[in-house]
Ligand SMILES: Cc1ncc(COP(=O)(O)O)c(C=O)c1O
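What follows is a single chain, given as structure tokens, in the form predicted alone.
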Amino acid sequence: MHTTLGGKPKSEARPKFPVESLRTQFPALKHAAPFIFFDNAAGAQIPQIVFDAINRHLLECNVQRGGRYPQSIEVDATIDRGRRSVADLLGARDPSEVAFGMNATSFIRLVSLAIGQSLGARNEIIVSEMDHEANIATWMALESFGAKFHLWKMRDDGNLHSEDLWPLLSAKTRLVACTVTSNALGSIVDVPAVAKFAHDAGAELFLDCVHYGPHGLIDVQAWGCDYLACSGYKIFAPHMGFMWGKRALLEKLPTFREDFIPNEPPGKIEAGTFVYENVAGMTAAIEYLELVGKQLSSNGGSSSRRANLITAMAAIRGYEEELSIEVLEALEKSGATIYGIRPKERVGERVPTFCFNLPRVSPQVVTEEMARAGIGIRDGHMYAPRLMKRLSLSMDSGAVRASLVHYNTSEEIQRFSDVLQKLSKNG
């Protein structure tokens, strides 16, 4: 039985989601109006509070950390605030388990190289055909280290099922690598069940959480994962990456570091200098979500950042389910082939990311026509070649993807639907 991640408030207690007031906090939405951002899976817009944090850092303390003068001390403080904020976002117990860097892909590669150096008798790794290639190729590159691989296949309903994982596990399984949510299909994986199966077999679980980040509550404790990689650019923050891992596992990882860097997290995970102003921006993005939670609380919010984030992400999940149903209806009305979870009663198992094709109309033509109508969506293989093959789609043309977040509206979906109707009639 699939369970829904990042639960939402009960319908009878759910206040109206304040989408219009929240939209005013995103300058790009006003600046680009009447353009519609339906390509959020490739990067969401950022609220003013994030602009301000980045600008303030560059103006006031654009220096290297580790110095004894005030500006440098403030950089150290910025990084410390960032770790504590991200730890709260993830539900982590220890901020030192959070590392900052360039992007999620680089962190996946860092961990894969470390695991490749310590495979031993457990030399089997399980990857899924639903994942972004970054969470597949990085692991399969360990073949020269002696790693063996099993492919966890997606079912026809457009999702991974934990019971299909169990036969692939054995005493030789070192690690299961899977996404939390498909960047192409929007399907949410039942990661607590996956973690239980993996751990029962003595294996570890690495999660790619990039696409799930803006859509629901992340909880590394409840999920039971061992490692998690994420990026800020989908969570209303700048382009940057962060990784979480259980401290005991991070301490054992063999990583590259200069001799003067202690062999302990997070320093051993952060080779070189990362972009400090983007860490400041990530902290501000979390502050934005915290403020959303306070705004939606009947009592004005909690003194706990985590509690406010729980409120915010539950409300976002609830509102986005409403958007998902509206998009599904628009796609069905146009006669589109929808890849992924389609039944409205299962909308809680997906986020508002939709992969589809229209009959007799190429994906490129669909996105070009949408662009002419002032709507930004995407076509192609979505960096998921194995998924395209599973769906019998060519890498050259692929499919169309429309991806929404909580600042999108029903009115925008109606404009999207109008273009779909025009295309389906003329196709």
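Quick caveat: nothing in here was measured; it's all calculated off a predicted structure. Numbering starts at 1 and runs along the sequence shown.
FYI, the form predicted in complex with the named molecule isn't displayed, but the following is about it.
In the predicted bound form, the named molecule stays beyond 4.5 Å of every heavy atom belonging to Val366. Taking the partner from the other structure, the named molecule in the predicted bound form has no heavy atom within 4.5 Å of any heavy atom of Ala203. Using a 4.5 Å cutoff between non-hydrogen atoms, Ala41 counts as a contact of the named molecule in the predicted bound form. For Asn308, no non-hydrogen atom is located within 4.5 Å of the named molecule in the predicted bound form, even though that partner is not displayed.
Shown alone, this chain has one stretch from 230-238, 285-293, 142-150, 348-356 that lies within 4.5 Å of the named molecule in the predicted bound form by heavy atoms: 230-238. Residue in contact with the named molecule in the predicted bound form (any heavy atom within 4.5 Å), chosen from Thr78, Thr105, Asn123, Asn159: Thr105. His132 is the sole member of His132, Lys246, Arg83, Lys268 with a non-hydrogen atom lying within 4.5 angstroms of the named molecule in the predicted bound form. Residues of 192-226 that come within 4.5 Å of the named molecule in the predicted bound form, judged by any heavy atom, are Asp208, Val210, His211 in sequence order.
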